[in-house]
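Only one chain is given next, in structure tokens, and it is the form predicted on its own.
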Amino acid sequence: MKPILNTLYIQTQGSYLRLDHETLKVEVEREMVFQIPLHHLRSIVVFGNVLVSPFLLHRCAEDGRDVVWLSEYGRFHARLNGPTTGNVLLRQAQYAVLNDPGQTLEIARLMVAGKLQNARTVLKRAAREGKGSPDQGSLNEAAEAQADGIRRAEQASDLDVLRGIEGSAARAYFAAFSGMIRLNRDVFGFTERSRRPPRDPVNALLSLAYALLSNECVAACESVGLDPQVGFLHALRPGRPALALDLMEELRAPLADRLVLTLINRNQIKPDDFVDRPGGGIYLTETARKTFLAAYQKRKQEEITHPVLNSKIPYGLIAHIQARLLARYLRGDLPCYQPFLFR
């Protein structure tokens, strides 16, 4: 269990969280092992078999403090939200756009273009850093596939065509992903995405990074007053945070993928940091997961110049900025949605 910034992560299995006056206390086998003033926390993330007292849940809901449940291995299960707030007119505008196929396609097209452009930037940067290596050619080819996808996306006639273009570009990106790995490639070799369960170490890292990023995007939608389940690129399904997944697309490569590559290439995550589980899944050990979470939180503190705002903001606020830009477009304050472009 570790507070990182203002988020408390509980990974110790069998923990029990309760509220004692204004202090959150953590017990393991009926012994208090950790405590922290509740007002220091904006969210609580628990992994696996961790119990939270009803009184603490009620208090978190009242305060608007997030409680997020992940599986023991980092897969998103549920989130506690307080009462629905936000501008009802904004949500009305969001629903109206969903019923306008042309406007929906235009937003989705820009989101896909942002995703492919950012993937292209990550690939091109890796190709430059690996100049002279055998991987440079495949990385440049994958980067060109992203550029081709952007051009084709501009001509997409409907959402199904657009999703097909995005899927084709993603396959080219992941086919070249191994070329960006510099260390221990015999273990961290990568061929394709596998989920539920992840079948190799790189997929285990990507799945954890995407689960964390998805939570950030849901929180960003909620904080602006958007309905996270009403998206434009991803199809609507009960319980699916389609809009959060939409926002997440353009952030995958610069935030999640680059973090995974950095941890591998700097040897912060090593080949023996994984365990095999029944069913063929491969997951991080508890110690390695702590390393990953600490690195993720540290990355969120790093600053980057936002191309639209033209000012430095922490990585951790990008999803919130993009949700706010989308809300301004839906309200008619901006002529179009402007995706985040990584440079």
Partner chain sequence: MDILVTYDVNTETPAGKKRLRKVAMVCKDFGQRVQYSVFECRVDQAQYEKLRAKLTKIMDPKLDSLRLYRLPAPREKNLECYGVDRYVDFEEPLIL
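Numbering follows the first chain given and starts at 1. We call the rigid core whatever largest set of C-alpha positions still superposes within 1.5 Å between the two forms. These numbers come from a predicted model, not from an experiment.
There is another form of this protein, the form predicted together with the partner chain, and it is not shown here; the text below is about that form.
- For the candidate set H39, H58, R277, H306, a heavy atom within 4.5 Å of the partner chain in the predicted complex is found for exactly one residue, namely H39.
- The contact residue chosen from L284, V52, L293, I318 relative to the partner chain in the predicted complex is L293, the criterion being a non-hydrogen atom within 4.5 angstroms.
- Candidate site formed by T23, F34 and Q301: every one of these residues places a non-hydrogen atom within 4.5 angstroms of the partner chain in the predicted complex.
- A327 falls outside the set of residues with a heavy atom inside 4.5 Å of the partner chain in the predicted complex.
- Looking at T7, you'd find a heavy atom of it within 4.5 angstroms of the partner chain in the predicted complex.
- D333: CA moves less than 2 Å between the shown form and the other one after rigid-core fitting.
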